[in-house]
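Starting off, we have a lone chain in the form predicted alone, written out as structure tokens.
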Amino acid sequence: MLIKLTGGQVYDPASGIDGQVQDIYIQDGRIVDKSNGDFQVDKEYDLQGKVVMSGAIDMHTHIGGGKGNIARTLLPEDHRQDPVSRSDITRSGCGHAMPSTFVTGYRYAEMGYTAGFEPAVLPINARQAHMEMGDIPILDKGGYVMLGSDDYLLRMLTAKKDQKAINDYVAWTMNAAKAIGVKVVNPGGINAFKFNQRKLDLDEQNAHYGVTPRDILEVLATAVKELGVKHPLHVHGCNLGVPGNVQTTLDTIQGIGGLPMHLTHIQFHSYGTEGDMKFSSGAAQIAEAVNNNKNITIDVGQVLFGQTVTASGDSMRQHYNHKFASPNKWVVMDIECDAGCGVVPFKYKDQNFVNALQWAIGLETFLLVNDPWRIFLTTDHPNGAPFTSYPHLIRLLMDRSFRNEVLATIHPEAQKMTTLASITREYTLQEIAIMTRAGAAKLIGLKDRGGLSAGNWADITVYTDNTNRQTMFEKPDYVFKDGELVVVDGKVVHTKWGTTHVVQPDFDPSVETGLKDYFDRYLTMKLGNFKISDDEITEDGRGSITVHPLHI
């Protein structure tokens, strides 16, 4: 079947197309070139006056793993929000801050998203994370496996193992957990918390291993690069949410020695100590550092006002934050001594000085970083806000007048501590397409997503142009996933199953000799059970595995 999308205004940064009117053809799930020759169109959509982009990609969203289920259990009141009743097309579900799996797929698709990546897959819990993501319809999925506080790696660093041995361990773990990237959360800090340390700065030693966060970042960033993994080491840095942490973040950028590194939810790591409240914005310093260091990419982790839940592997920081829980209930737990999990409900308030300034810091960062290919639109769902708030965030970035209207309503002292009102930049549609499509695909290493050129999978979103960008991005006219129409007028009309994106870096099989002994002695799971097979992801017919090439 040949489908023709006629006369749309196309924004495809991957191909250098910025608002040009052109036709797109879809056949067998992919975009095809039909510029020459005779052919028979089976179905045509008239898109004159419409805006056409590839399907959006959320490169950092917590949609799989134990923390999500803990959050759902902790917040039954959240289940009453945004219910979906079962129909011939959709399954029932519910939830706002941490929606159930089916609702997650529906809500993303209804905004024009066709892929989402879980940024914190615990290796020992990877099977559950993939099963949960496998229950999300429509979206492609993938995960970044979490290392950096694992006992085995810290023992290797203490024993001064060479980089090749570390590379083999990282590659083995990525294969075992079916990952497309590597994530570090508070490097070494989750482990240090188990030894009763309550903070761990960049050059501070873990009390038990004598290893610093800088040591961990250097060896893991080197491993990711030498293994040929496209996505840089994905770093949740030290001292999340701590006033003054901007200096730690700047030191982290300078201290990585030019290695590729992605700093995630950077808004939470951009705080100074100026002013009467001893809390200020470091966004200008962070943006300058990002602009000057081409090896660094970031996503923002924008705070937006309202009720949500914070869910993180950073048990050190979540334990500290439990005193701010709203409603007043929380969970911090340990998982197999290699990671942690903290779930703390939170309500961001526009009349709270700190929350209001957090909101402004994120927007300052978006607007002061020059290169949209190196900054990405996230709320660290659900930590800064649920992903369903993205259309509102896009309007804030694209409409200065609206942004300043909202700014005028927040805590007066926070208004005085931000330069937001003086920033004139407004994002363009092409820049939004870069941040949420082409740039995200390039960063993750998706070879045939994020663009509209021939050969790409036909993940396509069509919007009605509207000066109110929130209205525009809330309700696409059409969404195609792998060439199949799944959304019409902002509502799901068809469901299907996406693929799971992975990489498979090579490793020396002898690495398993030491790992088997370690598993037998210290862990409750055997080495063979730790490794996920391909058929565990694909056996029920709900998806496939797409292996992406390495970049060596």
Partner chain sequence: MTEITEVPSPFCGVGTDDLKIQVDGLTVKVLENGCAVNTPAFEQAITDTQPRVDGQIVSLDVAVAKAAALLKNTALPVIGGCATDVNGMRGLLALADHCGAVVDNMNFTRARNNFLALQDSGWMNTTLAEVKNRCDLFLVIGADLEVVVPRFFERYIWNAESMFIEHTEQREVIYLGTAPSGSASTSPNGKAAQVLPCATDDLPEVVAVLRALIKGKPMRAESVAGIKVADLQVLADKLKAVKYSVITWAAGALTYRHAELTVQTVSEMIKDINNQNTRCSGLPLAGKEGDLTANQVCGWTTGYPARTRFSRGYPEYDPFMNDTNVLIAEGEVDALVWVQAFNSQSVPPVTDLPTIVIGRSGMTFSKEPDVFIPVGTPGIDHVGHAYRTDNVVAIRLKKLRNSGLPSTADVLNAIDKALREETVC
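Being a predicted model, the structure only gives us computed values, none of them experimental. Residue numbers count along the first chain shown, from 1.
Form predicted in complex with its partner chain: not shown, discussed below.
Residues W373, Y427 and D477 are none of them found to lie within 4.5 Å of its partner chain in the predicted bound form, as judged by heavy atom distances. This chain appears without its partner; in the predicted bound form, the one residue of N293, Q205, Q128, T464 with a heavy atom within 4.5 Å of its partner chain is Q128. For the options H494, K526, K43, K491, the residue carrying a heavy atom within 4.5 angstroms of its partner chain in the predicted bound form is K526. Residue heavy atoms within 4.5 Å of its partner chain in the predicted bound form occur in exactly one stretch of 161 to 169, 295 to 303, 430 to 438, 188 to 196, and that stretch is 188 to 196. Within 4.5 Å of any heavy atom of its partner chain in the predicted bound form lies no heavy atom of F402.
Interface membership of S422, defined by any non-hydrogen atom within 4.5 Å of its partner chain in the predicted bound form, is ruled out. In the predicted bound form, at least one heavy atom of Y518 sits within 4.5 Å of its partner chain.
In the predicted bound form, at least one heavy atom of N69 sits within 4.5 Å of a heavy atom of its partner chain. Contacts of stretch 490 to 513 with its partner chain in the predicted bound form, defined by any heavy atom lying within 4.5 Å, are made by none of its residues.
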